[in-house]
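One chain comes next, on its own, written out as structure tokens in the form predicted alone.
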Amino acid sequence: MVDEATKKTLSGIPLCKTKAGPRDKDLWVQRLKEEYQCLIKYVQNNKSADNDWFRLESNKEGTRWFGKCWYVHNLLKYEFDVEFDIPITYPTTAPEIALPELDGKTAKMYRGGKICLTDHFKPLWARNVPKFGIGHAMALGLGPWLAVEIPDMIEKGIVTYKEKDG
């Protein structure tokens, strides 16, 4: 079900231990520490492999996440805003990652620019509660989605390259 490259990526992301969501006060603080540790390690691994492709930060409570993700295609960097909220039932329920500026541009997306992860990612997430966290959602959800959808949208002319100012 999971290819070797994905297994290698996953093996480098620490697993979360605390089963807690935003309503769990003190336990949520512990879970957030684990989430940040996972994300930091995943980003470090990506940078080491010359595969840096996103930046994330959260609000003070750790319930709203936002940042940038990018995909390089034919040596051009396509950058998108990324955002998601932590569901109240987290970590039982995976976050719904959104790229708002792509809303309505592909069939593999829901209203508000939420990417479609139902077929492949959500069953995997469900089997790995509470071990999977935000880093895993990026690695197994957004990363593969970008790799499939962005080149397709570029080829169809739906997404075009924007030159960055200075």
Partner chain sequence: MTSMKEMESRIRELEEQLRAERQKNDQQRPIREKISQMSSEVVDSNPYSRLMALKRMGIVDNYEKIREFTVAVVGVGGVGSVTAEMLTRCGIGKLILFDYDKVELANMNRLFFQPHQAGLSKVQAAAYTLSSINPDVEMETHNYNITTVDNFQHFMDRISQGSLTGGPVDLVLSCVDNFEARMAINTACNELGQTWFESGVSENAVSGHIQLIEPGRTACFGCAPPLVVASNIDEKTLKREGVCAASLPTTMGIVAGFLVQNTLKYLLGFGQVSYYLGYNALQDFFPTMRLRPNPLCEDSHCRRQQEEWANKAPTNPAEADMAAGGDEPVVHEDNEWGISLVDESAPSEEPEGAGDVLGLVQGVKTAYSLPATTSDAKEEAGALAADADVSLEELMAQMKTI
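Bear in mind that the values here come from a model prediction, so they are computed numbers and not experimental data. Residue numbers count along the first chain shown, from 1.
Keep in mind that the form predicted in complex with its partner chain is not shown, yet the notes after this line are about it.
Using a 4.5 Å heavy atom cutoff, none of Tyr71, Leu75 and Glu79 lies near its partner chain in the model of the complex. Although the partner is absent here, Glu57 sits close enough that one of its heavy atoms falls within 4.5 Å of its partner chain in the model of the complex. Within 4.5 Å of any heavy atom of its partner chain in the model of the complex lies no heavy atom of Gly143.
Although the partner is absent from this view, Leu102 stays clear of its partner chain in the model of the complex, with no non-hydrogen atom inside 4.5 angstroms. At least one heavy atom of Cys38 is located within 4.5 Å of its partner chain in the model of the complex. Looking at 77 to 106, the residues that come within 4.5 Å of its partner chain in the model of the complex, counting any heavy atom, are Asp85, Ile86, Pro87, Ile88, Thr89, Thr92, Thr93, Ala94, Glu96.
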